[in-house]
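Below you'll find only one chain, the form predicted alone, shown as structure tokens.
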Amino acid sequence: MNDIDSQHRRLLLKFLLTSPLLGLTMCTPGETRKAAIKTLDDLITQASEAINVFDFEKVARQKLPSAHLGYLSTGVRDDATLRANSEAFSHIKLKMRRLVDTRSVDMTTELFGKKWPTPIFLCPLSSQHAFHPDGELASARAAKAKNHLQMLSTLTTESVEDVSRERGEPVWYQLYALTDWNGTLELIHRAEDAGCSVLVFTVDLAGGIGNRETLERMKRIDDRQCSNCHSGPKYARRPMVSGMKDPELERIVTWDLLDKIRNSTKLKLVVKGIERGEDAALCMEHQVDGIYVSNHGGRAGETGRGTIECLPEIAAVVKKRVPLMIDGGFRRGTDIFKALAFGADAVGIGRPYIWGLSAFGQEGVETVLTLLTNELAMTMQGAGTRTIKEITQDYIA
């Protein structure tokens, strides 16, 4: 080796010893190289480490039994509508304004005379004890801590009374009509007695639950003895319907049934599951108090159409006469901004907060809400919008 080669070798060694890359490649005694290097696929170990809501999905996939994960993850058939809910956002572009003083943005949203600090709400999602021992109670505590609207499913694993107590105020109650009208009335009256102010009537399961193939396949690889939890009457673990004689869900709902429910309660009535402008117009004719654009998270029918794609034609009919709500695939603050720009008054999240619940309980739900709220605030600042009312279709390309 000549002098020049030796000199080059010394310079290379000096560079390596002083390089910041050294900390990424060297291991302490007893460590392996693989253990010393973190990868982008590493799971977070506490809620505060999350960068976005998808970090919680990774943890939930590790923690949940396959059948429970399948229930949360499934759409129907090929999951095309499930995917469309999220993918549709990528086809909607934003036009941002500049040189606007947005040091302070106000996300205050008003629904039926009550003000909320943001337009983000927790969707009604059933069976939350399948995802965390505290179930809906943990979600309620998180909603209380962050002051978000919470809707409670008919097929909840905690009662409306208990959830409202943990929330610190009555939640909104999501209603499935039952084949037994007296049972439906019992649910309505129980929601009224619990102090609920809004009834969210779900109408998108006509003909029954679709073929949820992803759920069925994931159930087959679950080696637990599921009968330990699912033995006994069909709805034994659902406190809102468990004591009823025949609590089967009504799969064929009509405008006549809607009118019957409307005339049976003084609660505000929101219709959930609207996907067409014509149905929105009929809702207005039937004097509903609010319209909720939803395809059941891609779990009702296989339309291949995301809810954000349905929203503009419905908003054009509603014309801000009643509150307009939406859910389906919302994962980012920009997604929420796009829905508000198209005319929504409030935006619901479902799977993301259940990922947080599955991963870290109440703290996980709180962090999901914080992340999405912060992302929406940053999007508003980037667009030059200081209030929710300033977000219009002018910002959609």
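This is a predicted model, so every value here is computed, not measured. Residue numbers run from 1 along the displayed sequence.
Beyond what is shown, the protein has a form predicted in complex with a small molecule; the following relates to that form.
Shown without its partner, this chain lists I314, A138, C196, L72 as candidates; in the predicted bound form, only L72 has a non-hydrogen atom within 4.5 angstroms of the small molecule.
Listed residues H296, H129, R167, R305 were compared with the small molecule in the predicted bound form; H296 is the one with a heavy atom within 4.5 Å. Within this chain, P119 is remote from the site of the small molecule in the predicted bound form, having no heavy atom within 4.5 Å.
Mapping the unseen interface onto this chain, T202 counts among the residues with a heavy atom inside 4.5 Å of the small molecule in the predicted bound form. Interface residue remark: L357 is not counted as part of the site for the small molecule in the predicted bound form, having no heavy atom within 4.5 Å. The small molecule in the predicted bound form comes within 4.5 Å of no heavy atom belonging to R332. Of the candidate stretches 181-189, 252-260, 158-166, 288-296, only 288-296 has residues whose heavy atoms lie within 4.5 Å of the small molecule in the predicted bound form.
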